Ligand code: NIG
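One chain comes next, on its own, written as structure tokens: the form predicted alone.
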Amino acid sequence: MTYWSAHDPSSKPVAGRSAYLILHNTSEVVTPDAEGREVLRYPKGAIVFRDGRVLEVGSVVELTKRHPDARPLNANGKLVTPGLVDCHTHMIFGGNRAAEFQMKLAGKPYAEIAKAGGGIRSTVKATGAVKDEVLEKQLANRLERWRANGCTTVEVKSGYGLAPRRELRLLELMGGAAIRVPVRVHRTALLLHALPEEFDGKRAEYVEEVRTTLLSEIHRRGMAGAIDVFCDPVAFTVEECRAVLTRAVELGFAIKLHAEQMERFGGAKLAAELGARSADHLESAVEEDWKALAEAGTVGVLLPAAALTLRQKLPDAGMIRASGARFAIATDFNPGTAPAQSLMECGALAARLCGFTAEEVLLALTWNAAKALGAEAEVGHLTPGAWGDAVMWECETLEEMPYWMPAVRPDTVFMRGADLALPSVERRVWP
């Protein structure tokens, strides 16, 4: 059996003529700088791609003079940005929970639904009933939908297996799906999500098996680049999460946490203490938690679709700015609380619900999201040396991106400097 590396999602080639290209006649090229400190704007700018990387970005007059042999591509007066980065999805699952959504609308709390056999466990059963080849193809189709919406880098979490053998199955299928489509896929093993039915009454035994046997097997087979846990009253305690995450760090994994979702529980401080790449959700976090994340260099990931579904309040932009923490925005795509299929739509929601500017939203969907995946050196911006992942949007200004609802759509998506067809537009399918 072949296992696909989780540590080099940018290694596979893409189709298209990508050797030497100049994208010109833009309305504006907008990108974070290489350090993610500010947003650079190049009115009527141009980008030169060569061998899959960004070679230069700047004045069209100067770049045209310096690169007369580059293949010209006309942007037709459209906005160009880096490819978006979705740093939090639960994209591999079977079935749906539309009936539960109606229960939520009727006022039933998540904990009550889960206790009655709904929630995560219901998706675990549905996922287990889907054949491997169907589940893998379904994930590949979802990844293609994300690319068509402008996402060139996507994190996919496991977590709907729960039992160790089923989690390994999902991680393997994620690797297979990743090679089907030209999207950079980061695999994350979500190992403390909910207690499997077969471990009812054996909670400590389950945590120990995850901490020892399962982590070691994932590490041996190179099946994930990061480990995630759900630190919450309806999931696992701070100490249970600490036990798994400290062992993950010893093995060389990056770590992430679902933290402070249902109530303030200590997950954000644990993330800061252990130097996690990100702490995600944070609906119940306070300014003290955000300051701890800032000091640790941990990205706070906001998931507006989940907050909207559960009728929770998102943090105010002013408080986050004052804390000094970096924040990202992600879809949290899952069948229960966030069946959201457009990252740009989530950015538009966060702008309205939190009060973020267009530049803050762009940073949250690109450089900061890439940092939450440990990929900010090569994706999430269009500075020289970065991968040539870019999007030409059906609008003219950055300010339009969080403005339109439904969200503005891409005209063309570039991967490694290759201008790829969008199947939904051109009826072409990735080979």
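Because the structure is a prediction, the values reported are computed rather than measured. Numbering starts at 1 and follows the sequence shown.
As for the form predicted together with the ligand, it is not shown, yet the points below apply to it.
**Q** Even though the partner isn't displayed, in the model of the complex is residue 145 close enough to the ligand, meaning a heavy atom within 4.5 Å?
**A** It does not: once the ligand is placed as it appears in the model of the complex, residue 145 has no heavy atom within 4.5 Å of it.
**Q** How about residue 248 - does it come within 4.5 Å of the ligand in the model of the complex, if we only consider non-hydrogen atoms?
**A** Outside the cut-off, so no.
**Q** Taking the shortest heavy atom distance, is residue 272 within 4.5 Å of the ligand in the model of the complex?
**A** Contact with the ligand, no.
**Q** May I ask you to check whether residue 265 falls inside a 4.5 Å heavy atom distance of the ligand in the model of the complex?
**A** Residue 265: no, not in contact with the ligand in the model of the complex.
**Q** Quick check for you: of 79 to 87, 353 to 361, 238 to 246, 328 to 336, which stretch puts a non-hydrogen atom within 4.5 Å of the ligand in the model of the complex?
**A** After filtering at 4.5 Å, what remains is 328 to 336.
**Q** Which one of 149, 261, 188, 298 is close to the ligand in the model of the complex, taking close to mean a heavy atom within 4.5 Å?
**A** For this set of options, the contacting one is 261.
**Q** Let me know the one among 75, 120, 171, 210 whose heavy atoms come within 4.5 Å of the ligand in the model of the complex, would you?
**A** Of the listed residues, the single hit is 120.
**Q** From first to last in sequence, which residues of 158 to 193 have any non-hydrogen atom within 4.5 angstroms of the ligand in the model of the complex?
**A** Stretch hits, in order: 160, 193.
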